[in-house]
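Before any questions on how it binds or moves, here is one chain, the form predicted alone, in structure tokens.
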């Protein structure tokens, strides 16, 4: 596939391969953009921002609604592309396309709801008849840097709000999974986006990232990825507005009154979806000693039923990780925990990019598999004695993106909601739940700012205050 810069689809002599992580077959190639290409994309986006600012809110709505319709009509095409390049099972691919449809649709609706407010100037001392109001205006050029794990919907969460707000957007997709973003760019242009309102620049993030986020023509950076890269972007971007979604090692508290079957279902759906490569995967399972053994037995039986293999096979329920080196890293952390006293109840093996779904018991909070972000198909289970200890363990992390608790006790649930340091809190669900319309973002080192179309648009616009004096 080609990349899209300056209103044209372009190729380059230097290309990168996009491979299927299950069998390492080459799906396609994409150009490796140069710094000169990036400069051209930014210059084009500046012109595109003017075109977007001149487009009416209703026309932006129509353009995004048509884009959503195109995605809906081509669900299977998009699902197969993102499943092949990322490794998630085809069923999850279809779900992601459906979510992207919703994200783009919601963004279009929000384009019609951008408004300021009147200001009560007479509430200020010394008022002499001033009339005040605010205007909400687009930032201009938005850099959208997306990760590999949701190569369509997380791009949609950046591009949809950016265009709805009247900005131009430069998409920098993950090098492993650029094809979905390219296809979304095609859909946006087909739906009537101005030719220079969208740029899709492919290539190495290590080469392109710093020049992109440090360019003064870029007014807003929205990034989803690792904590370390996010910190680098913040240091490099200077006075540019930023939204950072930087991952987690999400805790799931299992209280003694929990329904074990529901907890197991929630653990599996939150812990092993997309081979655990989800920012809000259930990673640290904090289980009451009163039900610890029963929970582990039931969880092991549930994980045994996960079918691994070719992600395009309809019978498979978990595909490969995106890279073989990631599976190797996950296995290293697991073996390190086992050597320090944890027990692997099931799994613990890998081959290539395929890592077996794994349950670790008796994990200590200071083990790396619990302390850092694993981002793989394993859960680390630790026992606790009471709600005080459970909340303390949940908060023993630099992260705070999502957390869950299973309980029927309202007092425990309310303590969890008030005292656990997390941007998203789920009662009687795993932490992996996300509705695309909700405000989504973390506390502590999980980042800053919110996604979700309504909330992202607030981050991608700026306020002018206007005062009429008599």
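Residue numbers count along the first chain shown, from 1. Just so you know, these numbers come straight off a predicted model, no measurement behind them.
Form predicted together with a small molecule: not shown, discussed below.
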### Query
Out of 196, 373, 362, 215, which one falls within 4.5 Å of the small molecule in the predicted bound form, going by heavy atoms?
373
### Query
Of these, 311, 267, 167, 146, which has a heavy atom no more than 4.5 Å from the small molecule in the predicted bound form?
146
### Task
State yes or no: in the predicted bound form, is some non-hydrogen atom of residue 80 no more than 4.5 angstroms from a non-hydrogen atom of the small molecule?
no
### Message
Test of understanding: in the predicted bound form, would residue 33 fall inside 4.5 Å of the small molecule by heavy atoms?
### Response
no
### Message
So in the predicted bound form, is the small molecule close enough to residue 348 to count as touching (4.5 Å, heavy atoms)?
### Response
no
### Message
Under a 4.5 Å heavy atom criterion, is residue 116 part of the interface with the small molecule in the predicted bound form?
### Response
no
### Task
Can you check 363-371, 293-301, 223-231, 118-126 and let me know which stretch has heavy atoms within 4.5 Å of the small molecule in the predicted bound form?
223-231
### Message
For the small molecule, considered in the predicted bound form: do all three of 283, 382 and 415 come within 4.5 Å of it, counting heavy atoms only?
### Response
no
